[in-house]
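Just one chain follows, in the form predicted on its own, and it is written as structure tokens.
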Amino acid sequence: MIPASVLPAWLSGTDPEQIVVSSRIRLARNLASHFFPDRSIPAERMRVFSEISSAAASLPAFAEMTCCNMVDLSAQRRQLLLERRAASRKLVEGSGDRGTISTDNAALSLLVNEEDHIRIQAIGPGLCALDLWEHADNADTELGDKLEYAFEPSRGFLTSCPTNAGTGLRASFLMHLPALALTGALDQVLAGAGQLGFAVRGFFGEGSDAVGHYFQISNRAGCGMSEDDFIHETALLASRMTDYERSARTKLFNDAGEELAEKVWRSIGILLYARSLTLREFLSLSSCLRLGVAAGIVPDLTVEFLNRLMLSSFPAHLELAAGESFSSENADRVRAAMISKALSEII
């Protein structure tokens, strides 16, 4: 099981600007000799899970990994994997034998029996897609030598969703874009990304809401280009959006520095003295603090501190730290107290 004390790879960045919070490369694969997960019966899902986990255990790329079957985990432990982005919501909420094989910091993970038999996921801080692609590709090659993938020369890798077929690749970037929102340019930038054929999703990806000015952008199609081209095109868009956000920040810092400082310190005041905070409220307020760190408004705060505070504020992490389960209302009170204590020690 991934230790809660280990900061996940996607939150390990220390750049004060941190417009691109994290990059992720994901490859979808299926086994040729089995029905795809949505069509398989429980006994077959069990066989697939056993086959994939046994193959991974024998390979160097997965030697240091931990295998978790969701049927053996509590709801809290499953939620913990979701919060650390080592698992997806579909995997957590699914049925039958399914799970993850991952490193302690979730830098490299296998999601087994999710929408496809295998999702190979490499994730890291900042704009690092090419390095992640090398890790994911190596893992894919090793697994492919042990397992027979569903593949057709004319279609590429076969997947449950037709949009993933071909390369099976998704390159995605979690971006923090508060200045574009505050200057009124965000909708235009996101609409432009959609018109160029890229998907724009919320904090936790597909099916999640946008909160705290965090957005995930990714390629929509899996065929029509090579893996390198998909990664290059998506990374290029992330780079352009970074430039737009950086320009918006410069304008904001120069033209409305006092107003921004007031907004940042008001956010700190709420976080210090609120008696109850929902996760959505915290992510919105801490988004403002991140902008304050980038602007040098709060010299005692760091991105690393805010990243750890974010992780600690997620529901399963709150419960794990307290050693008990909470109702949503109690969780909001515990979250507020934890955040207040952590902030008061450095502000």
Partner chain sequence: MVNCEECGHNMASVHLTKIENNEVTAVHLCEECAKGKGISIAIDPEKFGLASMPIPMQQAIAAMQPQAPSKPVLVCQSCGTNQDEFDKTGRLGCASCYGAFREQIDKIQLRFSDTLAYKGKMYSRGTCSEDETFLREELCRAVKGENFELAASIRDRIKRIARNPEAN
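Positions refer to the first chain, counted from 1. All values derive from a computational prediction rather than experimental measurement.
Keep in mind the form predicted together with its partner chain is missing from the figure; the text below concerns it.
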> Just one stretch in 254 to 262, 152 to 160, 176 to 184, 241 to 249 has heavy atoms within 4.5 Å of its partner chain in the predicted complex, so which one is it?
Replying inline: 152 to 160
> its partner chain isn't shown here, but in the predicted complex which of A193, A235, L73, C223 has a heavy atom within 4.5 Å of it?
Replying inline: C223
>> If the cut-off is 4.5 angstroms on heavy atoms, which of these, S95, S276, T141, Q188, is the one near its partner chain in the predicted complex?
In response: T141
> Within 4.5 Å of its partner chain in the predicted complex, do F203, K341 and E345 each have at least one heavy atom?
Replying inline: no
> Does R266 make contact with its partner chain in the predicted complex, using a 4.5 Å heavy atom cut-off?
Replying inline: no
>> My question is simply whether G166 lines the interface with its partner chain in the predicted complex - judged by any non-hydrogen atom within 4.5 Å.
In response: yes
>> My question is simply whether E44 lines the interface with its partner chain in the predicted complex - judged by any non-hydrogen atom within 4.5 Å.
In response: yes
>> Is A321 part of the interface with its partner chain in the predicted complex - any heavy atom within 4.5 Å?
In response: no
